[in-house]
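Before any questions on how it binds or moves, here is one chain, the form predicted on its own, in structure tokens.
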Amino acid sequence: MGRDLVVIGGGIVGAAAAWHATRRGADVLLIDARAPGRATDAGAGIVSPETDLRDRTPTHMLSAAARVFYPEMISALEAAGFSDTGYARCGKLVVARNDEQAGWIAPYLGALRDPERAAAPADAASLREISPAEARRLFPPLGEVTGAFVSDGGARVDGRRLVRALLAAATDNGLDIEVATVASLADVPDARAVVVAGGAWSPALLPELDIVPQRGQILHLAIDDASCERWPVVSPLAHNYLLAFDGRVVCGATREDAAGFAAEITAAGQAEVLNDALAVAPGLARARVLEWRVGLRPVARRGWPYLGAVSDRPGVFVASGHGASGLTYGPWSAAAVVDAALGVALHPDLRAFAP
């Protein structure tokens, strides 16, 4: 038999799968179509599972796992010499913009401090209510807010930079990468197992997956403030997000369910993102536009991703359908599916995510 594993897809899930498998000592080939509009290439995301609440889906299991796995992954990459991951634990700032929203702050904090209601319970001391003045001090472009709280455990990540680090580390471990489009599973080179991590394009290989693309348009603004990379992620209670890197603030993102595979920037999308961003942070009004990005998120219409072995397809596994949470949940999901594919371990929680 050929290789131990073939991974199809080079976004955050595929890159994490290849990295994890090569750390296990597996012989791995990653096949990446590099399709325009891949979600990871557009994504600059919030990694804050400690502010997720439990719901009726199994997604809270991913929140709990990601809270532990993410810092371990970043530490392992840094120890191997790959420190440019685009990841930083900068905190998350949740803000209210009217009196009604301000009334939600205390109940939200109360739920997060309750181990039975929080998806990934954090140290209660890391979650604290702050004054509107303190919120504006932490994120200077903010406008008027009526209430706020901070999660010290919140982080942000640049999808492109993290994928580069994962693939570079995996290549050091022996990963081979092929740029190609796989038309069918019959075209995949011989291997003990195959992991389909093709994002929104996964149903082309596995039609049984009910995954559809959701377009997200994201704006990057130039910021002339050396301290901005330390600003917290801003997550308004009823608006899109804001997060800062060195020299830029990222404003996002639309959630467009009817766009299909059209990876296009539209006037309506630009208006939505700009209007939301400036309503929350009018101090950004004079910022120079650096670029717009657009990505197609893989949304599983059942409400949670597909992870694990595919029925009636021996040796075929899937890790896809994370929607807007791929940058948060994708790395742990990839590692868990790889372990199942290699027969190293079968995480029992994957049964809830079976295709």
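Sequential numbering from 1, following the sequence displayed. Note that the structure is predicted; figures quoted are calculated from it, not measured.
Below: the form predicted in complex with a small molecule, not depicted.
Query - 4.5 angstroms heavy atom contact with the small molecule in the predicted bound form for D32 - result: Although the small molecule is absent here, D32 would touch it in the predicted bound form, with heavy atoms inside 4.5 Å.
Requested in this report: Determine whether any heavy atom of I46 comes within 4.5 Å of a heavy atom of the small molecule in the predicted bound form, and answer yes or no.
Outcome: I46: yes, in contact with the small molecule in the predicted bound form.
Query raised in the report: So, in the predicted bound form, is G295 in contact with the small molecule at a 4.5 angstroms heavy atom limit?
Result: Contact check for G295: yes, within 4.5 Å of the small molecule in the predicted bound form.
**Report entry** Non-hydrogen atom contact A197 with the small molecule in the predicted bound form at 4.5 angstroms
**Finding:** Contact check for A197: yes, within 4.5 Å of the small molecule in the predicted bound form.
Query raised in the report: Just one of A80, A180, A262, A124 has a heavy atom within 4.5 Å of the small molecule in the predicted bound form. Which one?
Result: That would be A180.
Query raised in the report: Only one of L162, V145, I218, A277 has a non-hydrogen atom within 4.5 angstroms of the small molecule in the predicted bound form; which is it?
Result: Of the listed residues, the single hit is I218.
Query raised in the report: Which of 283 to 291, 306 to 314, 53 to 61, 321 to 329 has heavy atoms within 4.5 Å of the small molecule in the predicted bound form?
Result: Of the options given, it is 321 to 329.
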